[in-house]
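Just the one chain here, laid out as structure tokens, in the form predicted on its own.
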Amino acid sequence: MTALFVKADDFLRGRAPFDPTTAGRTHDLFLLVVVFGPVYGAIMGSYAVDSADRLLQVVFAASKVPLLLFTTSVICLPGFFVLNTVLGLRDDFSTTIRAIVAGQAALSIVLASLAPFTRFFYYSSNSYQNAILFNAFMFAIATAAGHMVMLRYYRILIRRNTKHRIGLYLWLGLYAFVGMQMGWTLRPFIGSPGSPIRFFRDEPFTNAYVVIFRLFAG
């Protein structure tokens, strides 16, 4: 466990083997997502744990955080690969993947570090809606940190070819668009008190953007 924390520290500081200027091992970045992502997920799902049944929500939420990150990436990557090819950036695609996974690893580590704040908030409030908003705020902070780390890796690519800046914007747009719908599809993460504990909601597949539009229109 100590070695894992040392690895996370080296990554956040940009030290070897995570120095963006060197060829690092991408699977180490995947490991950081798999280890730290579920930490926050478990805390997020620990809202109103007042029975043994609610513990299952903790397990579900823990598994959903890395699932959200990886599934969104898998959906985005084919289109992103084609766009990189059109821009003439295909030869750098493996390095681009490393930058993307680095951003997700940073997001996961920051989320895990914010988990105590979320647990403290749960103790301080019994409002389910406020719990949703607070978790959204935590994700926003972690996402901003993830983008900063991803940019650390992307700077090397942009120096090599300025078209990578366009590629970065394209990735952020694709990931945000797909990620919002994926987060909606994978609900519930927190789990409304009194509702049955299920991995997915029973309601039919719905569109997050349609729901948001109706909220503003209504």
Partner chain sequence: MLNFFKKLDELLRGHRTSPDALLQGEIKLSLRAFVPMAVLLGATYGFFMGWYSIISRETPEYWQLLASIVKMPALFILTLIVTFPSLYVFNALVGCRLDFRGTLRLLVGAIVVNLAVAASLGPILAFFTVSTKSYAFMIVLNVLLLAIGGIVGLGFLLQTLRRLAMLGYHLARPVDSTDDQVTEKSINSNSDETGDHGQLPGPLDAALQDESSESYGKANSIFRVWVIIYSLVGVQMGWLLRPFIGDPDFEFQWFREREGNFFLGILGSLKELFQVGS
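Residue numbers count along the first chain shown, from 1. Just so it is clear, the model here is predicted, and its values are computed rather than measured.
This next part talks about the form predicted together with its partner chain, which is not shown.
Across the options 91 to 99, 120 to 128, 107 to 115, 142 to 150, residues that bring heavy atoms within 4.5 Å of its partner chain in the predicted complex belong to 91 to 99. Not one of 52, 133 and 137 is positioned with any heavy atom within 4.5 Å of its partner chain in the predicted complex. Although the partner is absent here, residue 27 lies well away from its partner chain in the predicted complex, with no heavy atom inside 4.5 Å. Within 4.5 Å of some heavy atom of its partner chain in the predicted complex lies at least one heavy atom of residue 209. Contact annotation: residue 177 falls within 4.5 Å of its partner chain in the predicted complex, judged by heavy atom distances. Heavy atoms of residue 213 reach within 4.5 Å of its partner chain in the predicted complex, making it an interface residue. Think of it this way: in the predicted complex, its partner chain has a heavy atom of just one of 190, 182, 33, 62 within 4.5 Å, and the residue is 182. In the predicted complex, 78, 79, 82, 83, 85, 86, 87, 88, 90, 91, 92 are the residues of 78 to 95 with at least one heavy atom within 4.5 Å of its partner chain, listed from first to last.
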